[in-house]
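Below sits a lone chain in structure tokens, taken as the form predicted alone.
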Amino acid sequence: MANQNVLIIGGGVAGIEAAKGIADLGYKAILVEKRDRLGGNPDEQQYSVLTPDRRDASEALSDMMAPILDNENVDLMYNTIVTGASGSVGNFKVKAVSMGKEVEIEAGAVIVATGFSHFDPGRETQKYGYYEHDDVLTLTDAEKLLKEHKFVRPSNGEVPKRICFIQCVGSRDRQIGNEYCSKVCCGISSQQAIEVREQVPDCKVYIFYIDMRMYGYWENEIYWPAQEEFKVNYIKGIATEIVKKGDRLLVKGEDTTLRRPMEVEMDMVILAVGMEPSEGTKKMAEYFGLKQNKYNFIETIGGPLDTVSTTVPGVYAAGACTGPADLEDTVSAAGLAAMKALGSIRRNGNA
């Protein structure tokens, strides 16, 4: 008889949503998380607000987690790292180290929800000077400052007068092998620009972009308000180098609309870094024998009509472990993965 439990690997948004769906249908979800708490990147990176509704991230995550905490149908295993796997649909045996002890977890189906990693801008041959200049930040660095409502220059603690965002750092770049769009960076930069203008009203904010990509309703929810209400300046251009000039940063590049070189001084520069597969994603692909695409995300086999089934029956993948995804994509995929995981168990049990 097939094991009725579903193992979920990763306690971020996708893992939480999948566990909720499985528990609601009366099945057991075993959720393993490498950290000592749930929440994934939004919690670990201290997101300020969520895109696009701009709800406080900590509050939203708490509400999302509440149904699986103290739920008899959800076993939460913190400080747990999967180290190997064997078996097949209906009878998976997964090795893990939990709280320093080796354990084996048995499950009928598995959902991989190991998320993504943010691109390291140091790989861009340091043309942006991320590790050289204190006032060059990433979106995740900026999130922490905005969450604390203390948006100041790291170099001297002063309130900035001029800042800019640089889009597509680590995305849409053939030279480093990341030809894909990371999907959320344009929206998050615009959202952060709004937050900066709210917290530091006298600060002038610029966004340098190749082209702005706003999905679904984000155009009206974020992009136009940023320009019309908060006076964020969008400049179609490419930044090629950032150097120090006195106590400020000099951004060199090209204004592609006017087709001329540009040099502008800024107090802070925020790099809109994209998504890459996490180490956990790559490890799960190895342990379960899952096919990866050319960018090392887990490959799903159903095209646009099935975004969660992998090349291994009984193993499903949800969220940004399959490629760049926003929160709405992630939650939807997690619900689908939960249903398909339970369906595979039921079919196997009745075979």
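Please read these numbers as outputs of a predicted model, since none were measured by experiment. Start at 1 with the first residue shown and count on from there.
The discussion below concerns the form predicted together with another copy of the chain, not included here.
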Requested in this report: Determine which one of 253 to 261, 86 to 94, 134 to 142, 196 to 204 lies within 4.5 Å of another copy of the chain in the predicted bound form, judging by heavy atom distances; exactly one does.
Outcome: 253 to 261
**Report entry** The single option of 50, 38, 32, 290 touching another copy of the chain in the predicted bound form, heavy atom within 4.5 Å
**Finding:** 50
Report summary line: Answer key: of 213, 153, 147, 118, within 4.5 Å of another copy of the chain in the predicted bound form (heavy atoms) is 213
Query raised in the report: For the spot marked by 127, 170 and 232, is every residue within 4.5 Å of another copy of the chain in the predicted bound form through some heavy atom?
Result: no
Query raised in the report: Taking heavy atoms and a 4.5 Å cut-off, does residue 310 contact another copy of the chain in the predicted bound form?
Result: no
Query raised in the report: Does at least one non-hydrogen atom of residue 244 fall within 4.5 angstroms of another copy of the chain in the predicted bound form?
Result: no
Query raised in the report: Is residue 174 close to another copy of the chain in the predicted bound form, meaning a heavy atom pair under 4.5 Å apart or at it?
Result: yes
Query raised in the report: Quick one: is residue 266 in contact with another copy of the chain in the predicted bound form, heavy atoms, 4.5 Å cut-off?
Result: no
Report summary line: Of the residues spanning 207 to 232, the ones with some heavy atom within 4.5 Å of another copy of the chain in the predicted bound form are 209, 211, 212, 213, 214, 215, 216, 217, 219, 220, 223, 224, 228
